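The chain below stands alone, shown as structure tokens; this is the form predicted alone.
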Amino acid sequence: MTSSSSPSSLLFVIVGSNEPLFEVDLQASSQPISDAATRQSYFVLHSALDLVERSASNQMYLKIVDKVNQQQVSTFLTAGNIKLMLLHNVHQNKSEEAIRQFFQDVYELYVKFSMNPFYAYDTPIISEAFDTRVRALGRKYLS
């Protein structure tokens, strides 16, 4: 696969113990991404998830855990075993520091959200305010 046929994606997901809790495409593109590209992105994230679950690291920020073609997966693992994962392309030139800061700020946002008494831990996040704030952090650090 060439880089021109590689999907240009910036996909962020929060994964709980059994299912994705939140997902957002942070790509600022007006062009729709093909169904095949979307499936490939989720396949790459899913395979990286297996690697994260097998790792025995005590670090929260795991950096890049998987590379497939032109796509990389960076991961942040919380103390409660919630995984924050970002799929990005090699040619997007995202700095490690910008990605780490994005994860740190989203983690703080997630902790505040999870302390809400109306939120059941490890369930999908359907808050529009949460979505808006994650997108704003994506623009701040990843654009």
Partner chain sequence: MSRFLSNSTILDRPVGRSQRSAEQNVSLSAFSYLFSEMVQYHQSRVDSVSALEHRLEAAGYGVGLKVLELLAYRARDYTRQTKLMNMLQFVSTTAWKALFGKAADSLEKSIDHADEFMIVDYAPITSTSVSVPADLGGLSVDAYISGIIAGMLQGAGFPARVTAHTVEEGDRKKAVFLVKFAASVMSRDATIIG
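Computed from a predicted structure; not experimentally measured. Residue numbers count along the first chain shown, from 1.
Omitted here: the form predicted in complex with the partner chain. The next part is about that form.
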Self-check item: All of Ser9, Pro20 and Ser47 with a heavy atom within 4.5 Å of the partner chain in the predicted complex
Solution: no
Exercise. Flag Phe43 as yes or no: does it have a non-hydrogen atom within 4.5 angstroms of any non-hydrogen atom of the partner chain in the predicted complex?
Key: no
Quiz item: Do Ile64 and the partner chain come within 4.5 Å of each other in the predicted complex, heavy atoms counted?
Solution: no
Quiz prompt | is_contact(Glu97, the partner chain) in the predicted complex, heavy atom dist at most 4.5 Å | solution = no
Quiz item: in the predicted complex, does Arg135 have a heavy atom within 4.5 Å of the partner chain?
Solution: no
Quiz prompt | Residues in 73-87 with any heavy atom within 4.5 Å of the partner chain in the predicted complex | solution = Phe76, Leu77, Thr78, Ala79, Gly80, Asn81, Ile82
